[in-house]
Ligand SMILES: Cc1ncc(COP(=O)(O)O)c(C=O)c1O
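This document opens with one chain alone, in structure tokens, the form predicted alone.
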């Protein structure tokens, strides 16, 4: 504990995390994933904070997932985990050299690949540095991002790896699971691997919304979820969490009431961001649940009060649960750790801006 002061003393806008909710979320999902028989490998892109990753590992996580090399660098520097999976294709000499340097610092640093080009690049770098890099074949099971496009392509890439020095096939991964298409793809893929006589030690699935359908994916060996640690409007809409599970909140001050049905707060898109995905508006106002964060500009948040029986006044501070907590984490240098009405610590967002 670094210090203690009242939450009301915080200037705004400020990002707070309710630490008891964070711990409860970690414990609940660790139990859910372990109860399904899977290893838990949480994605740290949600919080980007070593202290919280330590909480996840203490609860039973086998390691962590990072999206980019710079995220992994921040967490390796902090000594958080010795087993990390980077779930993004690593392409280009500069990045491959960084990968090799990081690989030498921890027990296991695994990567993904979805093409011969990516795999050959990793192999060549590993040979130069006399290393063996474990990798998973990334599969596109319907999300339309990275990933091989067919089960046959997954098997072919794994077969190719047997002729390439410096790489070791360890399994397959996809994001997200939870859909019928993902299940069909994984079942067909594993059947082809079995027919080819290739063992698949790891089948890695991901996504916080997919936590509600773990029982439908018995072929998984590990699960990667990130948003659950804080939760947000999207997780509420997905049925993964309730409002009382939302641990990250943005405190903002009402700076204007230009009309009876509109309030302006000092948190705009540079804090809350404009992400919506499959939800409406731009966040939930905790104290005024019938109000709507209807729009954002860079520094202004526009709250529609037309359906709210009670209304805040200029100078009042409100708490906003964002649509997507992961992007909010990347907007600030620090978060304030709150228990009750006290700020008990400040966590630097160590991997803020770690996108390369």
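Just so it is clear, the model here is predicted, and its values are computed rather than measured. Positions refer to the first chain, counted from 1.
Another form, the form predicted in complex with this ligand, is not on view; read the next lines as being about it.
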query = Any chance residue 193 has a heavy atom within 4.5 Å of this ligand in the predicted complex?
reply = no
message = Quick check on residue 40: any heavy atom within 4.5 Å of this ligand in the predicted complex?
response = no
query = Quick one: is residue 175 in contact with this ligand in the predicted complex, heavy atoms, 4.5 Å cut-off?
reply = yes
ask   = residue 151: heavy atom within 4.5 Å of this ligand in the predicted complex?
value = no
key: Location of this ligand contact in the predicted complex, chosen stretch of 96-104, 242-250, 207-215, 114-122 [non-hydrogen atom, 4.5 Å]   = 207-215
message = Between this ligand and 16, 48 and 329, in the predicted complex, does every residue show a non-hydrogen atom at 4.5 Å or closer?
response = no
request  = Counting non-hydrogen atoms within 4.5 angstroms of this ligand in the predicted complex, say which of 273, 141, 87, 161 makes the cut.
outcome  = 87
ask   = Since exactly one of 147, 171, 226, 268 fits, which has a heavy atom within 4.5 Å of this ligand in the predicted complex?
value = 226
query = Quick one: which residues from 56-80 get a non-hydrogen atom within 4.5 Å of this ligand in the predicted complex?
reply = 67
